[in-house]
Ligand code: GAP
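First, one chain by itself: the form predicted alone, in structure tokens.
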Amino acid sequence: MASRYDDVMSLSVRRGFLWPAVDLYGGFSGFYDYGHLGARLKRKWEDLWTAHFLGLGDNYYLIDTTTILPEVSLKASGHVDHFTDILVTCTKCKESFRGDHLIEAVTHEEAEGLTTAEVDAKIRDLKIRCPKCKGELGPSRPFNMMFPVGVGPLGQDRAYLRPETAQGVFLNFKREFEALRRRLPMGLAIVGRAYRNEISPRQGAYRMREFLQAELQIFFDPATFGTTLPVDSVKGESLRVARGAEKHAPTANERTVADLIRDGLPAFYVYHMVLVQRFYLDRLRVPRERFRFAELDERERAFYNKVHFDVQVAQDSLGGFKEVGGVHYRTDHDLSGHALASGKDLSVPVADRKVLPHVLELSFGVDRNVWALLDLGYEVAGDRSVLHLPPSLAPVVVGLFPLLSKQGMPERAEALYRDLRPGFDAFYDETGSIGKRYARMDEVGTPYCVTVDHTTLGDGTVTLRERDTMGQVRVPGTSLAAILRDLLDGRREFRALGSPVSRP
């Protein structure tokens, strides 16, 4: 029997969402390509993310920066010295593995953050052998995950592919502060590619060597930021949170904003947790029980973070709650590091003071979020396969079909398609039975289908079908664009459009 992961990957490959890169030559481990539907889904997720998070402040903007950075800048950020995982190599077949992954596979508990000595002791105590050949594993060692690049005709200038999009923001902070008329808080976002030479990429799009990030860096005055936010307006809201050992459980506890602040979390930090949760529950329509924040302790979190909660979504294809983003309080680590290494003063004037801003980072893996949507949405019930994507994210919003390939129906349906296509991601199809055409649309997540039939030829109305309920109503063809826009924007509900009609 195929696993849930195999089912989702089969859908992904079969319908054109996502597949292993360079599969013509056997694949390229840790790299994936997006097909025609996956590219649309990804772009719509990025656009939704950008609209939501840039809308959090009137001084928040999208920028774009180089993906290759000189070694000096990544030395200053700490990545040259600290951006490492624990590498373990088999003494027999020479295959390499991440030490924490080997331990997690046996204990089914997170092992991230262990030292090399602790990894070696665990491997010895648990009698872990090479998963590939059962040979003896050698001593562990740190492995820097950045991809080195030689710049110049002789490669004399040492550089790296950026391991995160954030550093481009920090390097451009001072210029943007001046260009944006010297105001804090200031938010700078990037949606783009990052690169990490993962030791053992696994679980498909979850752990990749080339991946997409969507990050918002919020620069603020730590003395005043919390008082400028409407924290009181959200104090009664409940957040799904797993703290400490709770994150090893397959659930989360509900905690109010007020409780988390009383527990010592900064008010500005908890406020932004609320905004992130709203994005997942309200915009992405992730079921509440499948969402949570998971706290990372000092050993687990990135070296630059003072407070770190992962954003997690429970995915059956990946075995439970998995990270899709994070809320990171980076303090002034990055700006102080770049100021020291460059010899440039990165503090800025705020009222009558000079301030080196702190940074709150809202970071999201685009590929991981796309996969999560496929995992959460894909349902096989009997002979029916359906992908329940939020309508605003569906790669194809509406399918246009003639009931029959004669009697002028194709011409009427294609004319509707041409009218709708400039404003909607529409698809026209007249091959196969109407049931098979509906089934194809269901499987790629299309929320609405329109059928031109005999009645259309008489009164101009068409059949509008909803994916999730399979309900159908008749609506005027001339009003179709306005009705679809209202449905997608949430101004109308399908069930309010009229009395249901029998299926053709």
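Keep in mind the model is a prediction, meaning the values are calculated, not measured. When you see a residue number, it is the position in the sequence shown, counting from 1.
The same protein also exists as the form predicted in complex with glycyl-adenosine-5'-phosphate; that form is not shown, yet it is the one meant from here on.
- Query: If we take heavy atoms and a 4.5 Å cut-off, which stretch out of 136 to 144, 324 to 332, 424 to 432, 402 to 410 is in contact with glycyl-adenosine-5'-phosphate in the predicted complex?
  - Reply: Going through the listed ranges, the match is 324 to 332.
- With glycyl-adenosine-5'-phosphate left out of view, which of Y378, Y271, Y304, F97 would have a heavy atom within 4.5 Å of it in the predicted complex? Only one option qualifies, and that one is Y304.
- Tell me, which of P357, G365, G187, G168 has a heavy atom within 4.5 angstroms of glycyl-adenosine-5'-phosphate in the predicted complex? Spelling it out, the residue with a heavy atom inside the cut-off is G365.
- Examine V241 and determine whether its closest non-hydrogen atom to glycyl-adenosine-5'-phosphate in the predicted complex is within 4.5 angstroms. Contact check for V241: no, nothing within 4.5 Å of glycyl-adenosine-5'-phosphate in the predicted complex.
- Query: Is there any non-hydrogen atom of R196 lying within 4.5 Å of glycyl-adenosine-5'-phosphate in the predicted complex?
  - Reply: Answer yes; at least one heavy atom of R196 falls within 4.5 Å of glycyl-adenosine-5'-phosphate in the predicted complex.
- Query: Do A205 and glycyl-adenosine-5'-phosphate come within 4.5 Å of each other in the predicted complex, heavy atoms counted?
  - Reply: A205 belongs to the contact set for glycyl-adenosine-5'-phosphate.
- Should S77 be counted as a contact of glycyl-adenosine-5'-phosphate in the predicted complex, where contact means heavy atoms within 4.5 Å? No, S77 is distant from the partner.
- Message: Under the 4.5 Å heavy atom criterion, name the residues of 212 to 232 that approach glycyl-adenosine-5'-phosphate in the predicted complex, in sequence order.
- Response: If the 4.5 Å heavy-atom criterion is applied to glycyl-adenosine-5'-phosphate in the predicted complex, 212 to 232 yields Q213, E215.
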